[in-house]
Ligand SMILES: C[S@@+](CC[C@H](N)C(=O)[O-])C[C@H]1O[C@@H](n2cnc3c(N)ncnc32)[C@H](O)[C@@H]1O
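Encoded as structure tokens, the following chain is the form predicted on its own, with no partner shown.
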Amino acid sequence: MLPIDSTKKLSFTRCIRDGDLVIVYERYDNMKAIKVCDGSVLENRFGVFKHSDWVGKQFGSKVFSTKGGFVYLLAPTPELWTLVLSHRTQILYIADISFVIMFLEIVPGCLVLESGTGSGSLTTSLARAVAPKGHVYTFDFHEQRAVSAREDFEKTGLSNLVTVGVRDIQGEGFPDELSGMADSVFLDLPQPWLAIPSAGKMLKQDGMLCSFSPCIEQVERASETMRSSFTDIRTFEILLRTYEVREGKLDDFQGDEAGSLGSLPRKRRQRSNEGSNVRETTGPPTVMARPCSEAKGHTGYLTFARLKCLS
């Protein structure tokens, strides 16, 4: 869970307690969420780790197994939770999430409406952004998904910041009792244009709306619907390219390989003047960067609009 201290404030400096949710970091591409239970153990290729050894340590601690292997115990921030949560639906990732929070102008104390909840990846980040006094109302038409999301928010310590509702926003719109109260509205729906009129009624003057759609045809129809009540309509596509940075030796590469950072380092042998004798040459370590082999491409289009102010 997001660590909460005795004053109900988010805190990443308090110590791990029995019952806490931690992210066990084995390596950069292998993490898992574990609930700390005194008497339980974690077994992996690095050995056996006793949960009792974790209690009292701070988040970020390095802990060792019975055979000397180690893992790190990290606080389940929204960024890490996005990487380990159960996928009930396709989720939004960090690049899209950060862009959404910035362009929706979400700050602590805001009231945000979301539909649909899905796996809760975005909802978790929205909750942190509005904490400690704001609130997120999120809706999903699928009852079991809503129940699972509610359980996740309990586990991550966000239940006081998030209310999960079961509702068909496309068909029914948002609840009338929230009319005129929302600072921002986020839509992730197959037919967002059906919910845009209701979203406009929920927003405060000058409030922001965002619609996430995977297809440009959805964007065109949603934008057309926004024209009557919204202004400053803009659409973005976020493409993220990550790089792997590591230390190696340029002498490990031959010919074209020296210019190709995608090649793995290997020992280079060079013959001496004595003919049969060989010696290994080494050079100074060099930091090299290369694009990761797997790059995430198109996820969806983000369309933002601002509610027109009444004259």
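Quick caveat, the model's predicted, so the values are computed rather than measured. For every residue, the number given is its place in the sequence shown, counted from 1.
The following text describes the form predicted in complex with this ligand, which does not appear among the structures shown.
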Review point. Three residues, D20, K50 and L74; all within 4.5 Å of this ligand in the predicted bound form via heavy atoms?
Key: no
Check your understanding: So, in the predicted bound form, is C210 in contact with this ligand at a 4.5 angstroms heavy atom limit?
Key -> no
Check your understanding: So, in the predicted bound form, is I91 in contact with this ligand at a 4.5 angstroms heavy atom limit?
Key -> yes
Review point. Quick one: is D188 in contact with this ligand in the predicted bound form, heavy atoms, 4.5 Å cut-off?
Key: yes
Point to revise | Contact label in the predicted bound form: D140 to this ligand, heavy atom within 4.5 Å | key: yes
Check your understanding: Which one, 121-129, 197-205, 175-183, 100-108, holds residues whose non-hydrogen atoms are within 4.5 Å of this ligand in the predicted bound form?
Key -> 121-129
**Study point:** Position in contact with this ligand when the complex is considered in the predicted bound form, options A222, A149, I169, V112, heavy atoms within 4.5 Å
**Key:** I169
Practice item. State the residue from G134, P78, G116, G157 whose non-hydrogen atoms include one within 4.5 Å of this ligand in the predicted bound form. Key: G116
